[in-house]
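As a starting point, one isolated chain is supplied in structure tokens, in the form predicted alone.
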């Protein structure tokens, strides 16, 4: 099972600029919790605070089960495309500390093969990652997030380069993960996808505009990117009732 995550009165300031103020939200196991809002509103900063990557005020509480592993899928893979690194080399570097040129240890081979199969990259093991399409590289990033098996999966707008087939693969995988009790936190700008896939949503523009079950929070103006117009009142984080 994934962790329950309670974010209470989260604040973030950089210099004299307020990035986040009084952020309250609740993410639960077996749910897809999407964070949405305008560009520059603090969505990714919220994720980074939750992951402990930025100093902040307030409190972030995790209620973990036995598995405390986090899988992270970034927006894109920034690398030198001329590097002679294959898909297998990349997955080897993710799994073990020994150099990739020594090969993938036997104990990881099954897990790597399974992860590549899930994202439909089986058969691409010897392909240089610089020769992959943008969508294939995004699928590779999702594959690495599955090793070791995570209980919390964090997605930071990873679908920018995906074609329709890639989107279907991602959405099927996300639904499978939540069906197995994982917790998913997902920064997403595709409001149609948010409505289609997410369980809960938090709308952030420096502060929380609204937070709660997707079918109660997403208004028609929000679907068109107008996050403050006609927004319902925020549903406060208050134990299981939130």
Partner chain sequence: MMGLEGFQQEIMMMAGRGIVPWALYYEFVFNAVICALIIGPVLGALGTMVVAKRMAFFSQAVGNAALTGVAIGVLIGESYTSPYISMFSFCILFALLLNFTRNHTKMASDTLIGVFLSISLALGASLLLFISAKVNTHILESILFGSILTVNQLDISVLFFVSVLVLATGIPLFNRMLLSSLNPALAHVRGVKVQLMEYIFVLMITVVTVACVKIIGAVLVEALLLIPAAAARNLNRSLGGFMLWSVIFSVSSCLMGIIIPMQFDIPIPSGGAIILCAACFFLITSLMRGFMPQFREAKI
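Residue numbers count along the first chain shown, from 1. Keep in mind the model is a prediction, meaning the values are calculated, not measured.
Just so you know, the form predicted together with its partner chain exists too; it's not on screen, but the next bit is about it.
Interface membership of residue 113, its partner chain in the model of the complex, 4.5 Å heavy atom rule:
Heavy-atom contact with its partner chain at 4.5 Å: absent for residue 113.
Using a 4.5 angstroms cut-off on non-hydrogen atoms, would residue 99 count as touching its partner chain in the model of the complex?
Answer yes; at least one heavy atom of residue 99 falls within 4.5 Å of its partner chain in the model of the complex.
With a 4.5 Å heavy atom cut-off, would you call residue 170 a contact of its partner chain in the model of the complex?
The answer is no: residue 170 has no heavy atom within 4.5 Å of its partner chain.
Non-hydrogen atom contact residue 165 with its partner chain in the model of the complex at 4.5 angstroms:
Answer no; every heavy atom of residue 165 is more than 4.5 Å from its partner chain in the model of the complex.
Among the candidates 104, 118, 132, 159, the residue which, in the model of the complex, approaches its partner chain to within 4.5 Å (heavy atoms):
By the 4.5 Å criterion, the partner-contacting residue is 132.
Okay, which stretch from 210-218, 46-54, 186-194, 24-32 lines its partner chain in the model of the complex, with non-hydrogen atoms inside 4.5 Å?
It is the stretch 46-54.
Heavy atom within 4.5 Å of its partner chain in the model of the complex - qualifying residues of 43-76
51, 52, 53, 70, 72, 74, 76 sit within 4.5 Å of the partner.
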